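Starting off, we have a lone chain in the form predicted alone, written out as structure tokens.
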Amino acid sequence: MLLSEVAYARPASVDEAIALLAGNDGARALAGGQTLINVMKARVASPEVLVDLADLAELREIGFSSAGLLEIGAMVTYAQLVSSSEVDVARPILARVAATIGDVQVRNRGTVGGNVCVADPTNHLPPLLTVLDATFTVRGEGGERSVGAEDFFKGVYLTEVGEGELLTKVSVPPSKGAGDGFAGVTIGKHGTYIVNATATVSEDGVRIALGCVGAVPVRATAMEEALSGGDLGEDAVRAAAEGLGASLDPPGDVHGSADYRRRLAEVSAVRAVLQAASGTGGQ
């Protein structure tokens, strides 16, 4: 289906982009466009103005803040994450997960900001950034603010970014010896997840987040508490995961029933924690 007629703007600065978003009712930011353009073709979304962020080089940067946080611009692509030396040094799990998203074309086009702002419950990055305790910088005409990951995701396709605002960067604490893991079951080799889980193990304890089981990433706090004693052997991790599925209320669809997702959540959480504990961080 062809797109409906829409006004198009390509700002040269972040301030200009924000002015366009704030000054036009129904304006939408265009990042990679892989989701937005498709929903526009399907007439699910009909923005009056597309504000293309392609020329905003400052949003494509990866670096470190004065506090040592890894800073990832909203327009950084998955391919950039995969090849970034900064990511490899600070938080390599980001590159490992990004390398599994879609195919080469998707990774070359898709952006970090687009992934998190779409807030699709099946996306890879929301649960990962939640467990890594990332912060999101949101800028509007009134200034900028930082939002923690657990407050950023508000619901299905809904985030803390309001009308006239723009996500500019995501800041992630470096690992500093922490182990990270990510596991789940996909629909086909490069498909979306039926359920995924991510975990990090550090001197501060264990953090676990689940994806695809709710409107937003779900922290497995009871499992975290059960592992607070420090025993991360396989038997202890499996015991800590018992009952996790029963605490969840996931949707059911053609790819899996709610009960199947509950079971997958327990299995994936165990795998993610064991990866994090061993330092492998694999899939």
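Quick caveat: nothing in here was measured; it's all calculated off a predicted structure. Start at 1 with the first residue shown and count on from there.
From this point on, the text means the form predicted together with a small molecule, which you will not see here.
Contact with the small molecule in the predicted complex, defined as any heavy atom within 4.5 Å, is confined among 81 to 89, 97 to 105, 205 to 213, 173 to 181 to 97 to 105. Only one of Gly191, Gly142, Gly155, Gly148 comes within 4.5 Å of the small molecule in the predicted complex through a heavy atom, and that residue is Gly191.
The three marked residues, Ala12, Arg60 and Glu160, fail to reach the small molecule in the predicted complex, with no heavy atom of any inside 4.5 Å. For Gly32, a non-hydrogen atom is located within 4.5 Å of the small molecule in the predicted complex, even though that partner is not displayed. Heavy atoms of Ala74 reach within 4.5 Å of the small molecule in the predicted complex, making it an interface residue. Using a 4.5 Å cutoff between non-hydrogen atoms, Val118 counts as a contact of the small molecule in the predicted complex. Using a 4.5 angstroms threshold between heavy atoms, Leu36 counts as touching the small molecule in the predicted complex.
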